[in-house]
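As structure tokens, one chain now follows by itself in the form predicted on its own.
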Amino acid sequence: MKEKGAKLRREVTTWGSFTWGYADVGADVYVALGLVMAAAQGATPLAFLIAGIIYIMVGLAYTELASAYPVAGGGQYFTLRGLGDFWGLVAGAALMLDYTVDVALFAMASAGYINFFFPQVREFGMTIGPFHNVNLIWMAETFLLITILAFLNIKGIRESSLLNELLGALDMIMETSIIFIGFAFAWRPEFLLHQWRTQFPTVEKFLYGISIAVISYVGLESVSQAAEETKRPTAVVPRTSMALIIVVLMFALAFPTVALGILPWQDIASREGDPVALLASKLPFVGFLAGPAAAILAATIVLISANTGIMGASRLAYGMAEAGLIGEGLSAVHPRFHTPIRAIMLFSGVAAAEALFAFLSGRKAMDTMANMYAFGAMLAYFLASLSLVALRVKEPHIPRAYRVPFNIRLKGIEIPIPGILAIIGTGTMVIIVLLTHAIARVVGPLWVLVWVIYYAWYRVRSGKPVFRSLPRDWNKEQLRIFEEAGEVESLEKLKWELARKGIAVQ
């Protein structure tokens, strides 16, 4: 299947790169708002703020890493390069859980917003043997959407990116309108303060709310995954990432703040499938139109978030196979469409299986998915943040179009303070997720363990070391990366630096 020399095409523009990330991060508030509200209650804005501070630190780390190493793989590649093969596999396993859950969760959410127009479907439930209150209609809708997205991604990144660009622009207009109208004509600050004072959650629920709020800030990984297909990545990725950090943080903080000044938190929490559409329907003057419009746009934007999940999983598998961490069959690129078709089909199937598990779990299906989503994201972000510091130490000569600010110099090496804070923040969040998420603390580590066992089997079978990294000439690899990206200035800087240090490249 893989044509000799077949590579991923560089077709993603600045706006396309931004909307890949926005489709993932910007859409997350549509899902997270109701779930976080159910846990954090009157303290929901504070939960989003704390998660947002961690997001800023991680976002700065990813901005530097993705612009310096613009290849498919994202956090997995950074960890592979910074910490070695084994930890690269662990990061890849965490991200693969994240991406497949992303596909299932957001296809589920898209169907949930469609069902805003069909309350009887939203409330439907039946007993099937030992499984109670199963919504078969919602489940069938989810499976159908996953199938459609799989075929879209097989066809190519260009079509997927165009979908993101159009719907991303419309969604930002809608979100801004809801927030502006809500604050201007319906928001009651005294009601917000009343819920803050009288509806503050327990410590355990608040921590759980923070751990769910972090899923609102996961899309920067998508920008990194698409870096190998982005034009002029060293210039585009920093602009994209910084814009995402600002825009998404503003939206994520504004939505719970305006919501708690209009509605009781219980109303938002009760609408797991379509909380933003409910909020929009309560706006004065335009609610009768804003509710349905928000439901339609929410259904589309969370669908393209599911789309980025398929893109991320397939490109991640492509990168891991190319690096010798998993079987080479998953790196097969279609000779006509130039997309990793086998990986797309496999992990779309995994996402469908996860959705089936969620609907049969006996819990709220979206809450079940969010449990696992938070584990994968935080573990991967923790390893990527470690890798930022490790690569600053191991590869100080690599040109970095963007460098994380606020550094301290130790033995000639600049250590980024935000990177250290990202390590502390994400490490703490991994612990909180394991303590407060009943499903994640079982399924998450088990998922990683299965991948480690497969990795060990594959490496032994193929004659590769299990706990040692394969020999790689990273300088030669970096020269190739800059050359293929068309980054002439970075390429020349690296050649000059290698010559100055007397480092020969074969």
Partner chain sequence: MGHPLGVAIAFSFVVILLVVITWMLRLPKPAPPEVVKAIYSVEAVRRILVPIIEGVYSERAVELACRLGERQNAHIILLHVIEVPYTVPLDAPLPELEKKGKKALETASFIALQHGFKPEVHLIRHRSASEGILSLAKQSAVDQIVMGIGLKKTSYGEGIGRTVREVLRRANCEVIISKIPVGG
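A quick note: this is a predicted structure, and the numbers were derived from the prediction, not measured. Positions refer to the first chain, counted from 1.
This protein has a second form, the form predicted in complex with the partner chain, left out of what is shown; the following refers to that one.
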Name the single residue among F288, F131, F406, F185 that comes within 4.5 Å of the partner chain in the predicted bound form, judging by heavy atoms.
-> F185
Contact residue in the predicted bound form, from I179, I341, I146, A401 (heavy atom within 4.5 Å of the partner chain) | I179
So which of 307 to 315, 432 to 440, 236 to 244, 195 to 203 is the stretch with heavy atoms within 4.5 Å of the partner chain in the predicted bound form?
-> 236 to 244
Check whether W138 has any heavy atom within 4.5 Å of a heavy atom of the partner chain in the predicted bound form, and answer yes or no.
-> no
Taking 4.5 angstroms as the cut-off for heavy atoms, does A254 touch the partner chain in the predicted bound form?
-> yes
Is P189 a contact residue for the partner chain in the predicted bound form, using a 4.5 Å heavy atom cut-off?
-> yes
Indicate whether M172 is a 4.5 Å heavy atom neighbour of the partner chain in the predicted bound form.
-> yes
The partner chain in the predicted bound form: contacted by all of R232, M250 and V488, heavy atom 4.5 Å = yes
Even though the chain is shown alone, can you say which residues of 480 to 505 have a heavy atom within 4.5 Å of the partner chain in the predicted bound form?
-> V488, E489, E492, K493, W496, E497, R500
